[in-house]
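Shown below, as structure tokens, is a lone chain in the form predicted alone; questions about how it binds or moves come after it.
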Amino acid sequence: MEQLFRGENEAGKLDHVIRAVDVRKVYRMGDSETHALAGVSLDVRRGEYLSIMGPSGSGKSTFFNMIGGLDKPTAGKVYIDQVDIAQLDPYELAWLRCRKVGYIFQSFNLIQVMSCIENVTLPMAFAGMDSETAREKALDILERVGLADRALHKPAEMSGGQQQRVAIARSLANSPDILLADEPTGNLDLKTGEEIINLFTKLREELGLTVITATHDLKMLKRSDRVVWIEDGLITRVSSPEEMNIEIAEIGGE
């Protein structure tokens, strides 16, 4: 499987980690059809910080799920490292989701009965890593996200920001190349949201990650390399934050 996704990275020939080509998604219920995506094409550069935005029902979340391998298009192609992920069998797709892509959700999706470190080691167990190695790696990741001293705490004993850091740590468990974050600051206050955005920027720089967020947070848009606007199932604009003239108010407090 690793050979399948290696592509041409080592030779430096592959500039795009994700390519979406004329992606379409139709949901059918009886005689009714909903065209969630109507032909979306986009290349995501390796190491890029990309934000996707759009109004409710625009197709933003559907496209987000397509490029993360969480759903398959009705038509069109999605490539990760030149591999058409729609052609993967269930085992290969599970490998992709476990090792190639890290997922972060607005609601954190932590297992409440598990400690912080247990939540982080769980994906490693699914990947077949032995428990001692997994624990050491989890502690290293928790140190990286500033939660080494909370390793044995359960989610209910943590603030929203701390829980989101655990979710980020969990997404890094199997050393993915791509981080997909769905409204990662949506349930956080302004100051905590700013801390999470800073953490994304730090992880991207330190680990060389490609970060893709679905967001309405102007502070996150400001940090992005590009902002993709989706409306009525189509990309209507791709621009830099500077071109969008995004102005962010200063965050007060210590």
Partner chain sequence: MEAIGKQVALPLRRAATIAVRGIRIRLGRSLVTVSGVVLGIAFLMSNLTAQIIKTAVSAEQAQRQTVDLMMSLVSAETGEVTGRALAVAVFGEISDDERAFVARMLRARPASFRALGLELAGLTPATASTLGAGASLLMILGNAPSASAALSDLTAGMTGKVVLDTVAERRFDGGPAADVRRELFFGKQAEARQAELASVARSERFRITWIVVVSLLVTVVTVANALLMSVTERFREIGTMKCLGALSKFIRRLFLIESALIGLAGSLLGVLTGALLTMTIYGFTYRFSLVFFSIHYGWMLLAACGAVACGTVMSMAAAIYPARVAARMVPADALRSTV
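No experiment lies behind these values; they were computed from the predicted model shown. Residue numbers count along the first chain shown, from 1.
Not on display, but discussed next: the form predicted together with the partner chain.
**Student:** Give me the residue from L152, A148, A125, A75 that has a heavy atom within 4.5 Å of the partner chain in the predicted complex.
**Tutor:** Exactly one listed residue reaches within 4.5 Å, namely A125.
**Student:** Identify which of C98, A86, L139, M158 has a heavy atom within 4.5 Å of the partner chain in the predicted complex; exactly one of them does.
**Tutor:** Spelling it out, the residue with a heavy atom inside the cut-off is C98.
**Student:** Quick check on L42: any heavy atom within 4.5 Å of the partner chain in the predicted complex?
**Tutor:** Judged by the heavy-atom cut-off of 4.5 Å, L42 is well away from the partner chain in the predicted complex.
**Student:** Answer yes if any heavy atom of E183 is within 4.5 Å of a heavy atom of the partner chain in the predicted complex; otherwise answer no.
**Tutor:** Contact check for E183: no, nothing within 4.5 Å of the partner chain in the predicted complex.
**Student:** So in the predicted complex, is the partner chain close enough to Q162 to count as touching (4.5 Å, heavy atoms)?
**Tutor:** Q162 lies outside the contact set for the partner chain.
**Student:** Can you check whether T210 is within 4.5 Å of the partner chain in the predicted complex, heavy atom basis?
**Tutor:** Although the partner chain is absent here, T210 would stay clear of it in the predicted complex, with no heavy atoms inside 4.5 Å.
**Student:** For the stretch 81 to 96, I need every residue with any heavy atom inside 4.5 Å of the partner chain in the predicted complex, listed N to C.
**Tutor:** Result: D81, Q82, V83, L88, D89, P90, Y91, E92, A94, W95, L96.
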